[in-house]
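Take a look at this single chain, the form predicted alone, given in structure tokens.
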């Protein structure tokens, strides 16, 4: 990744407590990391809560060939914090404000994607962790730590009515599901499917319902029906039941596929109406096998989506404030993060872990 167009000034630094993985097989453990002192455009946050994303697990265990992990790795890109310091040029935040940081902490600001307000597609974007750190060298470190320093442009305001622990996952699970729904025009009168009722899927159901769509959840687990309905779904379909699936053939305007394991995408393509779209947001390393005729005959399409822009992420947070939407979370201390990873592998959480970072003080 080129960083020649990014700010590479030298900064002073300070030490911060964090939890780090030293290898793909190492448990996360306490460590001390360096953070840069805030520059004139920077905001420093004391981290209050950090969500655990499934991509954290993939990165810590080096399971994505397209994004190899550099160790030590400090995960975490669903960050809610309190502003403690601001640079002299900062105008949107002041000490004491509650603010948030998501998956991006920098971009070059000069490419066509940045000029279009689509920083998530910038070829030189800097991720919150496991990206080159142009300020201190080495790699960026994420939110499993007591503080973070980020450019003001990449820091978000948090609506005051939101539960902070539940707001943390909005910075990835929230925007990852909200962005494709906005892009593909999910509104009142549309029929929307959500495949998988996990960390991403449960947010997708909340958003689709709040946007006014007729929302249908596809799941392999009959015991998730009541949860799906309580989250806002009108219908629940068992995806392994052919009769239930056939009932919905060629009827969906949009389907969001949030499954991050191998599965049959063709089964859902057949449920799309003419010009219907299915968007994949689950990170599956192996290619999907897709029938061309399933797409050709009704001009259906398959697409992918990754997080959202800075403007869209703030829009999403404001939407959540207006509709009182947050993730359903289980709050844990940082000392239970390795246990949480094992439970995440078994889908044993409803529906997202949120780390109470004050627990880091005792590590």
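Positions refer to the first chain, counted from 1. In this text, all values refer to a predicted model and were calculated from it rather than measured experimentally.
Separately, the form predicted together with another copy of the chain exists; it is not shown, and the next lines address it.
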Handout entry: Interface membership of residue 262, another copy of the chain in the predicted complex, 4.5 Å heavy atom rule
Key = no
Problem - is_contact(residue 71, another copy of the chain) in the predicted complex, heavy atom dist at most 4.5 Å - result: no
Handout entry: residue 291: touches another copy of the chain in the predicted complex, heavy atom cutoff 4.5 angstroms
Key = yes
Problem - Contact label in the predicted complex: residue 274 to another copy of the chain, heavy atom within 4.5 Å - result: yes
Exercise for the section: Give a yes or no on whether every one of 64, 113 and 183 sits within 4.5 angstroms of another copy of the chain in the predicted complex by heavy atom. Expected result: yes
Handout entry: in the predicted complex, the one of 301, 314, 41, 26 near another copy of the chain [non-hydrogen atom within 4.5 angstroms]
Key = 301
Handout entry: Candidate from 306, 331, 57, 34 lying within 4.5 Å of another copy of the chain in the predicted complex - any heavy atom
Key = 306
Practice task
Could you tell me which stretch in 167-175, 114-122, 141-149, 187-195 has residues with non-hydrogen atoms within 4.5 Å of another copy of the chain in the predicted complex?
Solution key: 114-122
Problem - Members of 213-228 lying within 4.5 angstroms of another copy of the chain, judged by heavy atom, in the predicted complex - result: none
